[in-house]
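Listed next as structure tokens is one chain, alone, in the form predicted on its own.
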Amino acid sequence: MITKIVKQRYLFAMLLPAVLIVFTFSYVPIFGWIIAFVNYRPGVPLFSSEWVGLKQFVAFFTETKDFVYLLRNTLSINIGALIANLGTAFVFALLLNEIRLKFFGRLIQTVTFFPFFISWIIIYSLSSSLFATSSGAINETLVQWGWIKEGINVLGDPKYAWAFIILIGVWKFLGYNSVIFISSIASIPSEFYEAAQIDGANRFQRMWYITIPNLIPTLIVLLILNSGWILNSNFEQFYLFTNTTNWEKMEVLDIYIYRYGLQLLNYPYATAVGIMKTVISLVIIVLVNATAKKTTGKAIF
């Protein structure tokens, strides 16, 4: 053991900075979870604070009904976004692979990848310019054409909130998410397609019997990895698109934690909600991994 470590000392030395960064920024902050179990006040030494146990957790579940709509919003939006993002990227990669004009294929891939680099602030500005009820370009055009009598409040009406936030995410991440599927397609041996072509398989049959089965393991791994983030929301996206008229359908756990932690300065309560979110995320990823292992034989641990 020691001999192996000595032989590979340079590899361990190269690995050390990454280990230190992960330990410093991912594991050391976990000690801050103790705030959720004490009556913490800024300026008062942490270990001098009164121990209150699970009081903050009980308060979240019993004193308010916030957890009902928070879990509903978070799970509904993030599960919908996960299915929509992976599904569209999967289909997009399949269709892109069937384009025989390589220049045209690369052009489409570049155009779809570009929104990934646009900040959410610019996307919100574009959305406001297009979909604002009275001054948005789309609403004004539809009203002038007589298709609608008055502008549709896409950005503020709660009934459009979930669909709009999911679709805007699909538009932004389509090119980025499809890269992994395109890479998986490129790794499929060309002999498979040549043999199928000799046997008389057409393009659809080659896609159905060769490309899709070889992409399924990649899809399962991405599904498992992303399921661990199912309660994590893009803070910037939700912070910008949540307003006073749609907050009941748009407020998610991350925005709630920000509101109580940094705006209301209730650190113990915000930390308790954050711990609950982490524990539920761990349970979800273990369940998804076990389900995938049992049904498909593919898993990451």
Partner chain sequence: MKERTISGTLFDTGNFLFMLFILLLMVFPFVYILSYSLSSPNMLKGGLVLFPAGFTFDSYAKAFGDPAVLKGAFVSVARALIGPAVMLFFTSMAAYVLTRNDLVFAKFFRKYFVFTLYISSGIIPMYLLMGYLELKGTFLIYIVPGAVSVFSMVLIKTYIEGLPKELEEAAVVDGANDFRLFFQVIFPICTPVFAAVVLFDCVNQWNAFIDTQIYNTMSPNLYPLQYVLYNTLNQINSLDQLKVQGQTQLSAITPQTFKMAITVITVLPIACVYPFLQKYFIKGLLVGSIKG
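Numbering follows the first chain given and starts at 1. None of the values given here were measured: they were computed from a predicted structure. Basically, rigid core = biggest C-alpha set you can superpose within 1.5 Å across the two forms.
One more form of this protein should be noted, the form predicted together with its partner chain, which is absent from this view; the next part is about it.
- Contact between residue 90 and its partner chain in the predicted complex is not found at the 4.5 Å heavy atom cutoff.
- Contact check for residue 26: a heavy atom falls within 4.5 Å of its partner chain in the predicted complex.
- Not displayed here, its partner chain is kept clear of residue 80 by more than 4.5 Å at the level of heavy atoms in the predicted complex.
- For residue 187, no non-hydrogen atom is located within 4.5 Å of its partner chain in the predicted complex, even though that partner is not displayed.
- Segments offered: 131-139, 146-154, 208-216, 70-78. Contacting its partner chain in the predicted complex at heavy atom distances within 4.5 Å is 131-139.
- Residue in contact with its partner chain in the predicted complex (any heavy atom within 4.5 Å), chosen from 223, 230, 108, 84: 108.
- Contacts between stretch 18-52 and its partner chain, counted in the predicted complex as any heavy atom lying within 4.5 Å, involve 18, 19, 21, 22, 23, 24, 25, 26, 27, 28, 29, 30, 32, 33, 35, 40, listed in sequence order.
- Taking 2 Å as the criterion, residue 267 counts as shifted between the shown form and the other one: its C-alpha moves by at least this amount when the rigid core is aligned.
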